[in-house]
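Next comes just one chain, in structure tokens: the form predicted on its own.
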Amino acid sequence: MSQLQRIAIAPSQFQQGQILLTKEQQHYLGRVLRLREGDRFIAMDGKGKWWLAQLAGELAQVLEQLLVGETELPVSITLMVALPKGNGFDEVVRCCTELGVTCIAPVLSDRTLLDPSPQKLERWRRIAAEAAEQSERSFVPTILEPVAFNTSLSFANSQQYICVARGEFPHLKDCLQHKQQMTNDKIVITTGPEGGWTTQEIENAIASGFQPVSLGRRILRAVTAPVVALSLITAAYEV
């Protein structure tokens, strides 16, 4: 099945052994992937279910439900990212989806310059779905609506880290080494904007149970830091 193309569908599209394809999906399957009537592909609902399907005009016939290979990490990762300027967040969503993130929470920090529109949110969700297809993940990450950083610091029963560019803080990889034997755990990690977090933001995060950590001696771009953080977590927990 590995050679078959994959598309992400909404669970509601699966009805009575058929998949109702949207106009965009019909275009993608027919014009982009060049599939014809009767060709097969894999549909994934982003919730852990895959089906072998056969194209039939505006819908697809489900042939069988497939066993899903284990592509998910043994930990749930929520990534809070201070929105970078421009379209940099697009690449953050794409790369971190490939690396195994569970949930991405865009946040507005004191130094955030971007004021995202509702169209941006829909775009990020499409990118996450496409990246999940490409990387053969069982689940599509949740992309939350942007919120102010100081109002998004309440998490329970999780490891919580805030990445700080300057200061004498332990490296994230060293913190993870003490935790990596724990399974079914939850990790919340947050990375800052261009110019870094303000002192008050760091203090608020610490007061909410976040541990300040370093990602290394170099100053990383706002779009690079989330990818580095996710790579370190993946390396620590991948089995």
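Residue positions are given as counts along the sequence shown, with the first one as 1. Just so we're clear, the structure is a prediction, and the values are computed from it rather than from any experiment.
There is also a form predicted in complex with a small molecule; it is not shown, and the following applies to it.
A.B. asks: Taking the small molecule as it sits in the predicted complex, is residue 73 near enough to touch it, meaning that at least one heavy atom pair lies within 4.5 angstroms?
C.D. replies: The answer is no: residue 73 has no heavy atom within 4.5 Å of the small molecule.
A.B. asks: With the cut-off set at 4.5 Å between non-hydrogen atoms, does residue 188 touch the small molecule in the predicted complex?
C.D. replies: It does not: once the small molecule is placed as it appears in the predicted complex, residue 188 has no heavy atom within 4.5 Å of it.
A.B. asks: Would residue 23 show up as a contact with the small molecule in the predicted complex if we use heavy atoms at 4.5 Å?
C.D. replies: It does not: once the small molecule is placed as it appears in the predicted complex, residue 23 has no heavy atom within 4.5 Å of it.
A.B. asks: Find out whether any non-hydrogen atom of residue 194 is located within 4.5 angstroms of the small molecule in the predicted complex, and reply yes or no.
C.D. replies: It does: once the small molecule is placed as it appears in the predicted complex, residue 194 has a heavy atom within 4.5 Å of it.
A.B. asks: Within 4.5 Å, heavy atoms only, which of 153, 164, 105, 132 is in contact with the small molecule in the predicted complex?
C.D. replies: By the 4.5 Å heavy-atom cutoff, the listed residue in contact is 164.
A.B. asks: Since the chain is shown here on its own, which stretch among 42 to 50, 210 to 218, 55 to 63, 28 to 36 would lie within 4.5 Å of the small molecule in the predicted complex, judged by heavy atoms?
C.D. replies: Flagged stretch: 210 to 218.
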